[in-house]
Structures are given as structure tokens and as C-alpha cells.
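Just so you know, structure 1 and structure 2 below are the same protein chain in two forms, each on its own as C-alpha cells.
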Structure 1
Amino acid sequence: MTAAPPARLLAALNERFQREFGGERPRVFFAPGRINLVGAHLDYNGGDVLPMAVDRGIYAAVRLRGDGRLRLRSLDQELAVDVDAAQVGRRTRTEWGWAGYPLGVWHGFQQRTGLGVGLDVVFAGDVPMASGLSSSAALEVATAVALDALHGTRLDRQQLALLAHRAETGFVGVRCGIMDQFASALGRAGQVLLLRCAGPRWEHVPFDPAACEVLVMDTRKPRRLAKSGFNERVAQCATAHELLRAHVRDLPHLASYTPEELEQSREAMDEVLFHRARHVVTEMARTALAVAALRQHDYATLGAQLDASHRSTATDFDVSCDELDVITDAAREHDAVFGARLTGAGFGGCAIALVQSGASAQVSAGVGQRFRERFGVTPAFDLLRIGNGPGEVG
């Protein structure tokens, strides 16, 4: 079993379940959100990423039912969804809204196992939506873990991660790499995940929770360009990859090329494509340095890779903004901060700072003051610690 959820959240989850559905008590499952330490925009380029499961996530109170009826509720979303199993096809429907993610997992599980009975489920989370902590992946993984446990199918964690990923990309139709679902499904206490997305292959790397914490710094700037900008970067990376295949050698992923090979193709690319590819290639080296630093318990070197990653995403990948640059610069001014970078797709939203344990309040105060002086806006802060993987709670 994984760690117990906050008592108030668990009480609210069970109360809502009984009010909606009655009957016997449900079983409760959890899947964590994630923060990616280093490896920005590498997962969809076949690169190496270094996410960690955090101590926040999504909880699901679930009970199977034999009539093929699927009833989904959430403490965090007003929309309630009731649907017959026979109505669930290959794609979500607009009217299902947030429930498309768990319904996609249910559909994939049914296709894989032949087990398509109905369920009653109430979800709740303590991971903020749209925070860059991957709440949708946690929602999917919590559903997959619950279905696996309730049916006794004993699927391994990679199979559950792939079910969750296919729900998001195939059923819901969101273009994304495998990192979010794998980070949630394969999370482990006291360790971060080195995920080689080209395999996929992975290993766990030790992370000392007493050495540092992750401070999420929300600029409160809406990420209006995040979706269109993300899709544009995906397309640019794909074009750069095709040029490298044509002018250097045929490798399966953009992240597979060396800096020297990238230089060989420079005349074949315009400046924008070259910079996008340079970010991907150099970010691979930063991830490798970050892993080596973790193995040596060298958090200063790890932090330096976060700093370098931010500079690259700001210049070569061009997904930063004034707010993200200022808030990360302000964090770096504190001796207790190892490093800082933007997180998620960029263009606004959140950044993270790797902070010595116990210093986050001081860092937040200083960063908040600097940010207010520049933009007249008070940023939000949230302290995260390394978490455990998914499972049943009790």
C-alpha cells in the first residue's frame, strides 16, 4: 500500500461516494503527480528525462458494478458523467469533458483484458490542475491501478503506464510523450526515474529527500500560447530530424544525434530549426550530468543543470517569457537555491527551484518581493517533496 491520503480529503471522498452511490464502502487508490527535474521537451524527441513522483496526486474511490454502467464523479470538477459501457467507443466525446481520461483507460483495459464491467468512481486530488504536475496522467494511472487491483489482473507498471498513455493520446487525442504516465506509474520513494523514452527503458536513481525540496513558483501568467507553441515545437523538431536523417545519418530520434553531427547539418537548416535541435541535443548531455550528480549526492551540480536547462529553453527553444526569467533569476540569488528552471510547456505558468530543506519559506519571501516589484503581481508558491508510487491506500 502507498501512503495514506490527507484525512480530510479521504473523508470528503468517502462522503461523496456514499452520497452519490450508497452501498458498500469503496476501495481507494492513488497515483502521484510529477515534476521533471531535467530533460525539457525530450520525451517526444526520444530523449532521456529525469522526473520525480511528488507527494501530491489523484485519489480514486472505486467500486465495480455488474450492469455495465460507468458513473464518474469528481470533488474538483462539477461535471458528472454517467454512460453505458456499450457507448464507449474509440474516442472521447465533448460532453464527457474531464471524464474522457479515465474512460479512455477503462476502454483500453477492456480491450486488453476482455473485462468490461461497470464501475462507480469518485476522484479527488491535491495536485493543482494545469500546474505542470501532470494531473491528467495521475488521473489515468489511478484509474489503471484501480482496475488492475479490482479485477486481479496483475499487470506490471509499464503496462499500466502504456494503458494510461494510450488513453491520453489515442482516446482523448492529446499529443504528448510517455514521460508523465511513466513517471506516475513507476514512481518510487526516495528515487527519481531516469526514463529513456526511446526504449522505453528506465532505472531509478537515488534522491535524498533530506538534501533538498522542490519549490513550485507560479507566475500567475496564463499559458495562452502553451498549446499552439508546443505543437509548433513538435513540428519544428520533426523537421529538424528529417534534415539530419537526410544530411548526416538515419537515426530514429532527434535526441540520438551528437553535437558534432548537428553542426554538420547546420547549412541545411534555417536558424530556428538549428536552435530547436541544439536544445534537444544539449539537453541530453545535461540530463546525463544531472544523473551523475545525483549518484554522487552532488546537488550543486544538479542545480547547475537546471539553470543551464532554463537558459536553453529560453534561448534555443524560445518557450520562456519575462515572468519565468525573472522568477528563476530571483530564486538563483538565494544561497539556499541549487538551481531553477521553467517547467511544463513554458510561455507562462510555473517554474521550479531546487531548494535546501527548510529554506523554502525564506526563498519564497525573497522571490515574491522581487517579482512584485517587477510585475505588480504576487506569485504563488507550493512546496513539494519526493513521493511514492501508485497503489491502494488504507
Structure 2
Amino acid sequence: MTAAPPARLLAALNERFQREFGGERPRVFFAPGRINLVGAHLDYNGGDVLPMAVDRGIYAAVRLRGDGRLRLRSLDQELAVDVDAAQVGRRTRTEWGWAGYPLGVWHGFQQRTGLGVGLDVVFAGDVPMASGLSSSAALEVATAVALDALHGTRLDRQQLALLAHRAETGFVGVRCGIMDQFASALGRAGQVLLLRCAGPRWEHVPFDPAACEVLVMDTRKPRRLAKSGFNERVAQCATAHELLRAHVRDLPHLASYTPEELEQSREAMDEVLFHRARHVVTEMARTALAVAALRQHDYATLGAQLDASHRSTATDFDVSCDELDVITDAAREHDAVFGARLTGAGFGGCAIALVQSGASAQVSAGVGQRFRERFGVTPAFDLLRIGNGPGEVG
């Protein structure tokens, strides 16, 4: 069992389930969203990332049905989707919208286990949608955990994460790395995940909530370009890697090259590709420094890596925007802030600040005022705690 869900949300979920589908009470599962402390855009380059599962995520009220009918609802989305199992092929369809994520997990689970009965499900989230906190990975992992429990298949957490990841890449068609689904599936209270995506291999590293808290600052800027911009970065990194393999040496991942090796390829690459690759190789070093700092409880050095990461994602990787730059700058003006950076893919959405415990309300007030003066918009602030990982909640 994971932590108790917010009672109101659970009541609304059960009420909607009864109204839509009636009958026996469903079982309820949870999977967390995530923030990534450092290691931006490294997962799909075979690098090391440092995410933490948060205490918010997606809840799924689920009941299996024997007739192969799949009925999906969400408290947060208007679109309701009803399909027959036989209609679900290898790819999502536009008309399925958000339901493509859980349907992709259902399809992968069915392929893997041969267990393809239908289901009735209602989802609800307390993590802001499409803001960079990985609501889609939480949706996928919640579905995977639910199917596994209801069918008694006892897949391990890595298998559930991979099922969720394949739904997003193969079925929905976003070329993301493995970080979000692993962070959600492997979340553990009081620990962040050091995920070496090249393996993948991972370990948990303690994070002290008494010393430092994570303030999420939502710019409310829609991430309109996120999908196309993200896929473009993935393609640019792949090209830079090809050039490095041809001109310097053959290593399996872009993140494996040193800054010196990258320098040797300068002539072979145009400026844009060089900058993208430079972000990747320098971010690897920042992640290593951040992990060492975390192990020493040195939150000032950890924060400095977040600041440097933000600068590199803004300049070399070009995935920031005015709103994210201003909100992170405003946070850094406070003495109680160790560091700040955009989180998720960028292009809008949320940033995070590492703040001395107890100082978040004061930081939020100051940052909110600066941001309002500049953009006429009030950002949203949220103090997130490290979550428990996925599981059944009721």
C-alpha cells in the first residue's frame, strides 16, 4: 500500500465510477509524477539523471470486465473513450486523445501476458497536467500497476516501467527516454533515484527534507511546442552522435563522450549540433557533481548544479523561454534558495527551486510578485514532497 490518497479526490473518483459504470466497487491504484533535480535531456542520450517521485500523481479506479470492452473516463478530461479490444492495434488513434496512454499500456500488457480482457476505468490526478511533472508517465504507470495487480501477474517495477515507456514511444509516438516512467515506477519515500539510463541501472540516494524542500513554480505558460521541439532535440542529438562516431570514436551514447572529444569534432558539426552535444556532455558532469553533493548533504553545491543546468538548457539546448528564465532568476535572488532550473522538457510549464526548509512561502511571495510585474500573470506554487512510488490505495 502507498500513502493515503486525498479523501475528496477518492470520493469524487468513486462517485464518477458508480455513475458511469455502476456495480461492484472498483479497486484504486496510484502512480506518482516526478520532478528531475538534474540531468536534463540526458535519458535519451544514455546519460545519468536524478529524478524524484513526488507525492502527487494519477489515481485510477479500475474493474476488469470479461467481454473485451474498454471504457475509459477521466475527471480531468472531457473526452470519454469506449473501444473493443479487437479495435486496439499497434498505434493510438487521434480520436482516443489522452486515452492513448492507458490503451497503449493495455495493449503492451496484452501482448506480453496474453491477458486481454476488458476494463472500466476512471482516472483522476492531483498533479498539474502537461506542465512538466510527467502526468502522462503517471497515467501509464498507474495503468500498468492496476493491470498487474488485477491479473496477479507480479511483474517487477522495471517491467512495469518498460511497459509504460513502450506505450509512450511505440503506441503514442513520443520519442522520450526512460526517465519519467522509471522515476514513477521506482519511486521511494525519502530517496531520489540515480538512474543510469545506459544500463539501465539505478540506485536510490537519500534526500533530507529537513534541510531542503522542492518548490515547484508553474509559469502557466502552455508547452505548445513541447512535442515538436522535443522530437527535434532528440533528432539533433542523434545526428551529433553519428558525427562523433564517425570523426572521433565509436561510443554507444552521446552522453559517453568527454568535452575534449566533443571539441575534436567541432569542425565536423554545425554550431547548433555542437551546442546541443555540449549541453549533453557537460550535463553529465553536473549530474555527477550533484550526486556527490547530495551524498555529502551539501545542498549549496547541489543547487549550483541546478543553476548551471538551467543556463545550459537555456543557451546550448535552447529549450527555455522568458517565463522560465525570469521565474528561476527571481528565485535565485532569495538567500534561502540553493538553486533553480526548469523541469521536464522545457518550452514552458514548471521550474523548480531548491529552498531551505521552511522558507518556501516567503520565496513564493517574492517570486510571484516579480513574475506578475513582468508578465501580468500569477504563477502557481506548490511544495512537493518525495512520494512513495506506485501501488494500490483503496
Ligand code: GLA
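One-based numbering along structure 1's sequence throughout. Not measured: the values here are computed from a predicted model. Take the two forms, find the largest set of C-alpha atoms that superpose within 1.5 Å, and that set is the rigid core.
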**OP:** Choose between structure 1 and structure 2: indicate the form predicted alone.
**Re:** 1
**OP:** Indicate whether Phe347 shows a C-alpha shift of 2 Å or more between the two structures, with the rigid core used for the fit.
**Re:** yes
Original post:
Has the Cα of Thr219 moved 2 Å or more between the two structures, judged after a core fit?
Top reply: yes
**OP:** Superpose the two forms on their rigid core, then report whether the C-alpha of Arg372 is displaced by 2 angstroms or more between the two structures.
**Re:** yes
